[in-house]
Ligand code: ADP
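In the block that follows, a single chain appears as structure tokens, in the form predicted alone.
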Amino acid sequence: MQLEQLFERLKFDYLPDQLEAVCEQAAKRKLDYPDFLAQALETEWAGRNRKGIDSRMQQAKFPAVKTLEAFEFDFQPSIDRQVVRNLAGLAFVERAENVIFLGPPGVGKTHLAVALGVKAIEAGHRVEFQTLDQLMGRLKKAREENRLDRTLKQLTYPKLLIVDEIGYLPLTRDEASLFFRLINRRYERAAMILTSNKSFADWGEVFGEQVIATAILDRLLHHATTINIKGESYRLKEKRRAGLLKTNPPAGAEDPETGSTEHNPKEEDTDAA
């Protein structure tokens, strides 16, 4: 059987184009037959793996690709780097646990959430990213079209679901109930990462009712790591570098970039512990 036929039957898509280079490298390194075969198969596997990563990245629908290597930990000293490194090991994904990033606008919550999502994708996991507003729109539309159960089931498939921007817009009691149903579906079945600019004590206002907020937090925090970021906004830092801002905004001041109000770090530390 010809080599081309073997490639076709084995569905090798990447090795055929690189076979000549693989053979040249094997000759230079004087590889024996087993090592040459391993090198050839590794070339095929690397191509397939890259294709899988690219496909999962598209499915995740990240607003932008972020990495942990690009995160400025020195600018946010309140973050324990070791905790983030441990999370990057993805044991929380395997154990179906949650990660919650709390902090004012612009401190890197979404960056860290996406970066952990990228790590999960590189490890072979399916990941989905949604803002809370997008998620609510999807669930409400599904209910109107009598396919809510199917949509909730679909949202349990990703090994990791990232829900961004909790607290920026309040939910109605009806919307909060939909969110609770999603949390309940994924509870102890699949991992989640959530970001919020509100302390847990304020989630009653976010979800329109303290009872629902308590039920949501009860499930989210049962197996969870909470990282409370108390640093300055990256956006304000860049403006300060450009000379557009000269002093740090006082606690409670409005973020000129987002229109949101910064939280008092002491309050965050008490409420979000």
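This one's a predicted model, so the numbers in the text were calculated from it and none came from an experiment. All residue numbers are counted from 1 along the displayed sequence.
Although not depicted, the form predicted in complex with the named molecule is the subject of the following passage.
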item: Candidate from 133, 188, 72, 145 lying within 4.5 Å of the named molecule in the predicted bound form - any heavy atom; value: 72
item: Candidate from 160, 99, 107, 116 lying within 4.5 Å of the named molecule in the predicted bound form - any heavy atom; value: 107
item: Residue 56: touches the named molecule in the predicted bound form, heavy atom cutoff 4.5 angstroms; value: no
item: Close approach of residue 198 to the named molecule in the predicted bound form, 4.5 Å, heavy atom; value: no
item: Any non-hydrogen atom of residue 234 within 4.5 angstroms of the named molecule in the predicted bound form; value: yes
item: Exercise: residue 111 in contact with the named molecule in the predicted bound form, heavy atom 4.5 Å; value: yes
item: Candidate stretches 203 to 211, 219 to 227, 41 to 49, 62 to 70, one within 4.5 Å of the named molecule in the predicted bound form by heavy atom; value: 62 to 70
